[in-house]
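Encoded as structure tokens, the following chain is the form predicted alone, with no partner shown.
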């Protein structure tokens, strides 16, 4: 039985935050999900109308409320376009916690979040086993993108074109690191995030290469956990707090000027969400969480704003690269110029802008799993914009976006590479 007093308190907090919504409907114009469904229940205004009677609605149809709440990418497009400044992401995340506290987790999410994600050593071992045997069940389909498909797994993953797990994750190649500041006088803590660690270790290696080149010391402790966003967005606050507390204790052992990540979602979670969900921690852990959050910074932003990387003068021509702005980087953190500056520092590339560069690609983490057809419809628009730019490469600072865009391009048979901006910048270093 849920703690009714705690639920009542959370419902009151939710009511206080929703008062600011004027029901103007400005969120309609920018919601990627509404653009596909044209269903008022899918847009923020419709969800807030539902939440205004949340207690009554949960008693009447808790499962229906949960399904409506979960049909959201959490991309933040509505919040960025809200004239009243309503803290929409805070509202939705708190509402998911309330509904999950009332209903409990599904068995699948319980296994993934509580059984695996909160046990990093077990999680790493299971992924390592899966990486070893993945070739048996998959067939390569696009060598430029590096994607595969699988008839064996189609009952679970559908007809997705997916990127394989790395043969050697970053945590195996570089278990830990604690180097002193060099010429820059700076030192960073490095938080690769789960997807970079297990699917794109090349991005992690590029970050380490760039930091070494610029004389930036790196603190990379062993035993890092997930940033917690899969648990928080699923309404599992207990797992979220375990993950955040474990990371906070781990990084509190190091001394560094900034905590750098190559993942837009990890950065936004640590920077923006960690300070908002600290009530459950003791005083020491709370202080560690807030200190880590204060220092969190996107790797593109760190290299440009702190290290001083600049674009170079160069003739037109070279490999054409376009940029997809991840929602968590552009809309949440306001980081738009820095990835372009990094790309501009490589003389072999020419930057070409695509239409709607900051429009959501449709991934949305677990949204992609639960609502794949909607996710794919949104992603096709992103794919069309990439192709129309005539780029040879699309660069983006979020590994989840890299997965989604790779799927969309690969299914269409496009031969356009998908890379992280720091990879392209790292090519300039011998």
Partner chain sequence: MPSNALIKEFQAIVGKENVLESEADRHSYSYDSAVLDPVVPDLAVRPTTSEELGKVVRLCNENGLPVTPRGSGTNLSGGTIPSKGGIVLLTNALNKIVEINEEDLYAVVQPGVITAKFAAEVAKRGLFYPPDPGSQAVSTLGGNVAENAGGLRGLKYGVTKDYVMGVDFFDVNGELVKSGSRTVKCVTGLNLSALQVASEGTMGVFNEIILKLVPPPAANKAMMALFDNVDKASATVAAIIAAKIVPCTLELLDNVTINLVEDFTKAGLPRDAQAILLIEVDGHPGQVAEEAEKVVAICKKTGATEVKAAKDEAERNKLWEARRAALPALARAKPTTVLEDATVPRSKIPAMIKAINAIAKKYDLTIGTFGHAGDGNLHPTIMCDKRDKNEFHRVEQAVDEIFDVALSFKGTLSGEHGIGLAKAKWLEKETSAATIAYAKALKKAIDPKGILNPGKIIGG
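Just so we're on the same page, rigid core means the largest C-alpha set that superposes within 1.5 Å between forms. Numbering follows the first chain given and starts at 1. Just so you know, these numbers come straight off a predicted model, no measurement behind them.
Beyond the structure shown, there is the form predicted in complex with the partner chain, which is absent from this document and is the topic of what follows.
- Taking the partner from elsewhere, residue 11 is found to have every heavy atom lying beyond 4.5 Å of the partner chain in the model of the complex.
- When the partner chain is considered in the model of the complex, residue 85 lines it closely, a heavy atom lying within 4.5 Å.
- By the criterion of a heavy atom within 4.5 Å, residue 34 is counted among the residues contacting the partner chain in the model of the complex.
- Shown alone here, residue 40 lies within 4.5 Å of the partner chain in the model of the complex, counting heavy atoms only.
- Partner contacts here mean any heavy atom within 4.5 Å of the partner chain in the model of the complex, and among 383-391, 396-404, 364-372, 23-31 they occur only in 23-31.
- The putative spot formed by 53, 60 and 65 is fully lined by the partner chain in the model of the complex; each residue has a non-hydrogen atom within 4.5 angstroms of it.
- Core-superposed comparison between the shown form and the other one: the CA of residue 18 stays below a 2 Å shift.
- Between residue 59 and residue 34, the Cα spacing is smaller in the model of the complex than in the shown form, differing by no less than 3 Å.
- The gap between the Cα atoms of residue 59 and residue 39 is smaller in the model of the complex, by no less than 3 Å, than in this form.
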